[in-house]
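What follows is a single chain, given as structure tokens, in the form predicted on its own.
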């Protein structure tokens, strides 16, 4: 993995660099990235206004961060968090031992339900699958373009959004894009589904991203402020007839138990 090297930028309005401009560039880069904690997509004008810097400086900083993969430019010309941040974030995930703790339960769940098991985390308004345990004999393998899916069209995204009002707002502001005839694109209906998800403790997605494929997910949680807070999602994905057909109760029970086990193991690992 290449380490991003930012050029020194003259951050004062007059354009005259100061002796500590490299350090100021790093500080500004961090501030720019912090802006995306509150908003999924931003343009240079908005970033400049929030940070009190010149728009030209914001433009150059956004472009530099995008070149390094920390941001990515959207079709509208705005920016959102990039996959390179996911790579850096993997260090934190590994230290949290999420993947190490989850893998045994994922393997056991795969053997139980005979379907593919996914471990996902939220990045912006998407879900990134940081680990996947493929079911034996699957005729569709995990492909790179499936590593990141829109949160609104996945069961994993729903269990993560159900307990996160800021994420719900970001998803709705981004817009509910239709991928199949079954994708939920009505904001009111989407909110109703999230309310159901909160009540029942799991979420489903029926052919909303790929025809013929559906999923069921449960949240993996850590206690924060005395309450469980979702930090990841465990999901079972497979052909609709197998996941949401007569076997659905068994799949729901299996994924919820596995997610609860991972949550408990994470709490113990955290000490």
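The structure presented is a predicted model; accordingly, all values stated were derived computationally and were not measured. Residue numbers count along the first chain shown, from 1. Take the two forms, find the largest set of C-alpha atoms that superpose within 1.5 Å, and that set is the rigid core.
What comes next is about the form predicted together with the DNA, which is not displayed.
- Of the residues 50, 206, 242, 55, just one reaches the DNA in the model of the complex with a heavy atom at 4.5 Å or closer; this is 55.
- In terms of contact with the DNA in the model of the complex, the residue from 132, 73, 148, 198 that brings a heavy atom within 4.5 Å is 73.
- Only one listed stretch (40 to 48, 230 to 238, 217 to 225, 198 to 206) carries heavy atoms within 4.5 Å of the DNA in the model of the complex, and that stretch is 40 to 48.
- When contacts are judged by a 4.5 Å heavy atom cut-off, residue 263 does not count as touching the DNA in the model of the complex.
- Although the partner is absent here, residue 248 lies well away from the DNA in the model of the complex, with no heavy atom inside 4.5 Å.
- A residue is said to contact a partner when one of its heavy atoms sits within 4.5 Å of a partner heavy atom; residue 59 meets this definition for the DNA in the model of the complex.
- When the DNA is considered in the model of the complex, residue 84 lies well away from it, no heavy atom lying within 4.5 Å.
- The Cα shift for residue 108 between this form and the one not shown, taken after rigid core superposition, is smaller than 2 angstroms.
- Superposition on the rigid core between this form and the one not shown places the CA atom of residue 73 2 Å or more away from its counterpart.
- Taking the rigid core as fixed, one finds a CA shift for residue 41 of 2 Å or more between this form and the one not shown.
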